[in-house]
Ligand code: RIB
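Single chain ahead, by itself, as structure tokens, in the form predicted on its own.
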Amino acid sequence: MVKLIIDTDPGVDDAMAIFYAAAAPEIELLGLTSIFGNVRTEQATRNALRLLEAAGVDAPVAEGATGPLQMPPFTPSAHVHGAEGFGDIPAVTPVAKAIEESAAAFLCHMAREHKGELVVCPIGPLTNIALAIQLDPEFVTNVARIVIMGGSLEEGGNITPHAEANIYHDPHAAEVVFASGAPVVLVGLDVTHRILCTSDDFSAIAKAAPELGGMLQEMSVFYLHFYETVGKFDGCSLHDPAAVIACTHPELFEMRDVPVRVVCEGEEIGLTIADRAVGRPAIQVCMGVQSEAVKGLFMGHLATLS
């Protein structure tokens, strides 16, 4: 059983990942932390609470940073995920509230409490993770793994020609994390672009799990339309679900030990590159994936949702 915290900016594919984690018998979901990205942080907190309530999961949500470490705040990508994060689905105020503890403080204390066991899975910008490292230097040795959806070594970017969106939205935070010596696994575009979910797949999920699967299908209409506007007609990439699946099934991914640096200024800001400078710690970068097996797990677990 993997003890997991997901750091999230929900987001359609975040919803897919969180519902997967709720359904997976091999995951104990200990909480969510919210971050800006697909939506503003306060929207992310609301959406995280809403998703847990919908899935019937009793777990805390801690609100995170409202902007990058050094860069100014930016406008969320409403054209990708919708104005409220869930496509055309309107906002709903959840019953529960976020805990008083900040995301960074929550991550640090949970890593101490579950030393050597806690897996943190950031599927948005890495600001909360960098703040946790700065708040408690022992965080990097207390966590079992930090499995990140972000970056790429060979695939290029998806928000610029060079950069993947999560890294681009706070490159300085990503640089803190990659340089920290923490046990990092990077699940980036090199593999997530190889795993696709089609309109028919969402229909199948909705048929198997009418309530939560139906919610995902409704979200997917907006999301798939965005992909079509950029010339991708074969479905959406399973970005965030792939990272959650890598937390429990690393054997489905081919990994390369590579020291990674983030470009933090200029035209190539957000670019992740191999950097074998003396002293730069290696992280595990996913470069290959058993796509059908990962998709099969995703589809199979979501089909069990009530």
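Each residue number is its position in the shown sequence, starting from 1. Everything numeric here is computed off the predicted structure, so don't read it as measured data.
Although it is not shown, the form predicted together with the ligand is what the next lines describe.
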Within 4.5 Å of the ligand in the predicted bound form: all of L32, E63 and N128, by heavy atom? no
Want to guess which of 108-116, 157-165, 178-186, 200-208 is within 4.5 Å of the ligand in the predicted bound form, heavy atoms only? 157-165
Heavy atoms within 4.5 Å of the ligand in the predicted bound form: does H239 have any? yes
Is A174 a contact residue for the ligand in the predicted bound form, using a 4.5 Å heavy atom cut-off? no
Partner proximity in the predicted bound form: A132 to the ligand, non-hydrogen atom cutoff 4.5 Å: no
The ligand in the predicted bound form - contacting residues of 12-51, heavy atom within 4.5 Å: D13, D14, N38
